[in-house]
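Read the single chain below, which is given as structure tokens and is the form predicted alone.
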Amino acid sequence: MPAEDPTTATLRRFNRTYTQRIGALDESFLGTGRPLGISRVLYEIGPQGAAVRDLRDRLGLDAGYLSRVLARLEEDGLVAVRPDPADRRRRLAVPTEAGRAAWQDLEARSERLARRLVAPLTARQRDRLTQALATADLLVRAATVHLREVPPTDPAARAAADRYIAELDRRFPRGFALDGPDTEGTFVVATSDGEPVALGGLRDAPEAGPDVGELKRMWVHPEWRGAGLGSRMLRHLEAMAATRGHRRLLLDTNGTLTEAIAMYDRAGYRRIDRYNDNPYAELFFSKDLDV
């Protein structure tokens, strides 16, 4: 048997330790009388309710399994599943009065367990634990985000593009605005728990050559920066461009986006002369793809 990778060995050991300590193996999670899976769905429904589709996306659950969990919660009188008045095609999971009380009880039990787990630690140890878990949480989530190709009109892509535009408008000395929505090319959107956390676009650039593509709208959610998600998105777009016959990629950027510039430098992009009339662009890059 080959030697286990140190990273996976550490992750598996942490999983075993943590699931045991929090009672994930118990039939009655935290003494609620419900197993962990059902308790987690109840927690995500929350005191305000949630769309069933959003629950499925956020938790990454199979539709059949989620339906069975919701049926169990309905049988227990904790949740009512009904059509969304704003869109009859959607279903909402809405907590009953008993369900809201059960959610509050679950929240209180979880808080007491967390406090009990860290009680023996010193203040310095708690700081170390907080920093280590925050880093681990970010990196694991970054490693497990879902990347999918979508058209410019996709709601997740548009939501990410809106945040991208708003950030550039804040950071650029003269602000930033588009003449209109993106209508050409394709996008890759990265989602975690159903929410867009990164975006990247690819379009053909026939004006620069028959086998040239251009990257655009590269954006990573500020809370996800430093976890390598931008580099992963860049590699994904490069691979996608290669399968489409592109032998070279172009991109432009503004000098204030120092994080992006450093990423392009590390990824092997070389500085070139201006190749377009984008008024916001100050630096221009090119990279030959291995095809």
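When you see a residue number, it is the position in the sequence shown, counting from 1. Not measured: the values here are computed from a predicted model. Between two forms, the rigid core is the largest collection of C-alphas that superpose within 1.5 Å.
There is another form of the same protein, the form predicted in complex with the DNA; it is not shown, and what comes next is about it.
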- prompt: Among Pro35, Gly64 and Arg89, does every residue place a heavy atom within 4.5 Å of the DNA in the predicted bound form?
  reply: yes
message: Can you tell me if Arg56 lies within 4.5 angstroms of the DNA in the predicted bound form, counting non-hydrogen atoms only?
response: yes
message: Against the DNA in the predicted bound form, would Met240 count as a contact residue? Criterion: heavy atoms within 4.5 Å.
response: no
query: Quick one: does Leu257 come within 4.5 Å of the DNA in the predicted bound form, counting heavy atoms only?
result: no
message: So in the predicted bound form, is the DNA close enough to Met263 to count as touching (4.5 Å, heavy atoms)?
response: no
statement: As a check of understanding, the residue in Arg68, Arg225, Arg244, Arg235 with any heavy atom within 4.5 Å of the DNA in the predicted bound form should be identified as Arg68
query: Of these, 113-121, 81-89, 159-167, 182-190, which stretch puts a heavy atom within 4.5 angstroms of the DNA in the predicted bound form?
result: 81-89
- prompt: Taking the rigid core as the frame, does Glu75 move its C-alpha by 2 Å or more between this form and the one not shown?
  reply: yes
- prompt: Under a superposition restricted to the rigid core, does Ala93 display a Cα displacement of 2 angstroms or more between this form and the one not shown?
  reply: yes
- prompt: Quick one: once the rigid core is lined up, does Arg40 have its C-alpha move by 2 Å or more between this form and the one not shown?
  reply: yes
